[in-house]
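Given next, in structure tokens, is a single chain: the form predicted on its own.
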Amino acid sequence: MIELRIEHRWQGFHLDVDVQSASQVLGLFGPSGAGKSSLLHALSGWWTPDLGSVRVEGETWLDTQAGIALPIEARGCAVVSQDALLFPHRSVLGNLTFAPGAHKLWNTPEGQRILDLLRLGPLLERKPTTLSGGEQQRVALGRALLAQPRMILLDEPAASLDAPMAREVMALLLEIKREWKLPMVFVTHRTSELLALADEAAWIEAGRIVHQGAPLEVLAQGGREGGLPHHDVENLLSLTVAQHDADQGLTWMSLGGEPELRLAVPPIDGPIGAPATIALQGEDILLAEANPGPTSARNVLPANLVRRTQVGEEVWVDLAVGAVELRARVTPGAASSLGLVPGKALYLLIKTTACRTLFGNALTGERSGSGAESPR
């Protein structure tokens, strides 16, 4: 449980918010300059407001009226920002083991699991200046996990990356969320990132909480008011390889279900059962009331509509396909003509080329080897 009550005045700006959340991942969402990062800094201890209090799991970290302000190191938060903030004179290994407590974790199964998930083994001897932006963020995430934090604070970690690298970072964060179950507070101004990662959203504008609740409900409310900054919807799916088809030039990924449904994606290397994360934009999913027969789209999948939400001038629909859910975007006219209501049976048409493979631990062929080098 996080309780965050902050008030602070700068020249021309007044931050005044009251946030309470019991969700694993709280997303602080809104336009640039709204006050999101200031809240994160108050939570971490990097900054103390004029007036406020911070309580986490019943423990008081800050109470300006009572004169309580725990130092950064006592709060146990790991912060990952837009800039990976790596030491340029240290190797990747040196940066990773600089985290407090990392030496104890390094040669343990837990430490190996972190290296494998983030695919850091082949990078250990390299300097940060030789890494791509995505690789630098993987190192920053590894350093955060090796510190064994109570909470991870994410300040737009993918904002400075291009679209493919940003997708990979978001997919890694989803894996971290599932694997480690750590509480997170996540700052973003991108709806796709909010929908992918957050369990609860607090929309901040001009220093005030405008809406708080489930991410889709918050976005729908903002869409009705015309304040939604981006209308992007991206699905990030953790799937496994079911079959390779060299003749057709594709790989089939399992969507689960009875009988099992499969998604055709561009060919990837890896054994049957290997995991991979697939990205698919909501506008690349076409809906049909009946099976259209042969089409150029290799994926024609039966689905059931779970929910329909009006977001601004669009309709977002959540669809059960096998054992996963996909979110698609359609116009109100299309939603009306198709009679889109919860429970309706549909067919989805998805081109193979619309599916992008981000990463899969077993697909990379990278194993770090926990005994490769001693921390220094």
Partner chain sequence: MLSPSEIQVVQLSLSIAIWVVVLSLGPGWAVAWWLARTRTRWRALVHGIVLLPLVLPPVVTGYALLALFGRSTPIGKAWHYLTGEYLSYSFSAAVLAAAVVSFPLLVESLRIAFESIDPRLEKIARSLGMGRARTWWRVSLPLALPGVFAGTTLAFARALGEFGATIVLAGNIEGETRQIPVAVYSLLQEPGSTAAVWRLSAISVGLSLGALALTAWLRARGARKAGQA
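Not measured: the values here are computed from a predicted model. Positions refer to the first chain, counted from 1.
Keep in mind that the form predicted together with the partner chain is missing from the display, and what follows is about it.
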task: For the three residues L86, H89 and A147, verify that every one has a non-hydrogen atom within 4.5 Å of the partner chain in the predicted complex; reply yes or no.
output: yes
message: Please identify the residue among A303, V169, I285, V79 with any heavy atom within 4.5 Å of the partner chain in the predicted complex.
response: V79
- line: Among A214, I72, A163, A206, just one has a heavy atom within 4.5 Å of the partner chain in the predicted complex, namely I72
message: I need the one stretch from 169-177, 287-295, 267-275, 99-107 whose residues put non-hydrogen atoms within 4.5 angstroms of the partner chain in the predicted complex.
response: 99-107
field: Contact of R119 with the partner chain in the predicted complex (heavy atom, 4.5 Å)
entry: no
query: Is there any non-hydrogen atom of R138 lying within 4.5 Å of the partner chain in the predicted complex?
result: no
- prompt: Of 257-296, which residues get within 4.5 Å of the partner chain in the predicted complex if you count heavy atoms?
  reply: none
